[in-house]
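This document starts with one chain, in the form predicted on its own, laid out as structure tokens.
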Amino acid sequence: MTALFDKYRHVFAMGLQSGLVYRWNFLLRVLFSLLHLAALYALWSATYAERDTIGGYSFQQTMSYFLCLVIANYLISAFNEDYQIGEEIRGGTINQFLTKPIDYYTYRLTIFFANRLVTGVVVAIPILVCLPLVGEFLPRDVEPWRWVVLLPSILLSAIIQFSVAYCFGLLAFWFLEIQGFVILSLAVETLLSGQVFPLDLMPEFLFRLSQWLPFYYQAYFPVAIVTGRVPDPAAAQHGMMIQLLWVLLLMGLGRVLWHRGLRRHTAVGG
């Protein structure tokens, strides 16, 4: 057990070093996200111009949702994980995992968490600098139970995000170019994970349907917890059970793709 811990601790340290190398890229991405938030402010302020609430939520609550979404994305999003995995397959780097006693999924997941730690620190810098401007949109009067369930929910969301990217990256075993699949996935995720608008503004039937899809739990669900859109602890517990189910299903799918992909890879002399 100690040897296993030491092995992945080394991988985690490698991930931190890699993340620190690209810290300025992350910081620049955060600045663009703040510009995106400013555009959302202009759009929703115009939408709220002649009404006090939309879907039962005030302008402050809606902007709080989008601000929390921006922050959450830097804690859970799998930036370029699919492309990196695809490159390792095409470049033959994947071959080292055929002989070394290390699990590829765990290896990539460890690096992913290390990078998210770096981006979490980086995103805090501009948020703190801009606090006088965005402070009024931070969640207010958050019930204690929401903070309790928020951390495991964010953890599960991150694993779902990574596992989806992992599965798409493994498609490189079969396809020379996976960019089309990734772009399609990103488009669907952007719409169904609440990046464009809060999902509870959709018609009731579509909203209920979305709650059984993995995209709902990739970003919307943890943000909905902290911003009050998840009504009570029972609803949060139900959602986290579905989150856990999707984690297990996606991990299982990743295992299947990995083993079948390796058989194809070795069969063609990769």
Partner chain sequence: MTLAAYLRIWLASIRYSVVRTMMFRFDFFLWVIVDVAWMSVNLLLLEVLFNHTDSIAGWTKPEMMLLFGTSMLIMRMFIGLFFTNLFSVDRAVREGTFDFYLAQPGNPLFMISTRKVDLDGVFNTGLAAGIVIYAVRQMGLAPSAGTIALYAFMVLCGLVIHYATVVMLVSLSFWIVRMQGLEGGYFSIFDLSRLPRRALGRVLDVVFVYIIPATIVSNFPAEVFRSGINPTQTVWLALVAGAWLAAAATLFHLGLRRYSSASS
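Positions refer to the first chain, counted from 1. Since the model is a prediction, treat every value here as computed from it, not as a measurement.
Note that the form predicted together with the partner chain isn't included here; everything after this is about it.
The single contact residue among 209, 245, 43, 235, judged by any heavy atom lying within 4.5 Å of the partner chain in the predicted bound form, is 43. Residue contact check for residue 181: one or more of its heavy atoms lie within 4.5 Å of the partner chain in the predicted bound form. When contacts are judged by a 4.5 Å heavy atom cut-off, residue 136 does not count as touching the partner chain in the predicted bound form.
Taking non-hydrogen atoms only, residue 47 approaches the partner chain to within 4.5 angstroms in the predicted bound form. Among residues of the shown chain, residue 128 is not one whose heavy atoms approach the partner chain to within 4.5 Å in the predicted bound form.
Between 118-126, 104-112, 195-203, 156-164, the stretch whose residues reach within 4.5 angstroms of the partner chain in the predicted bound form through a non-hydrogen atom is 195-203. Residues are counted as partner-facing when one of their heavy atoms sits within 4.5 Å of the partner chain in the predicted bound form; in 135-153 not one qualifies.
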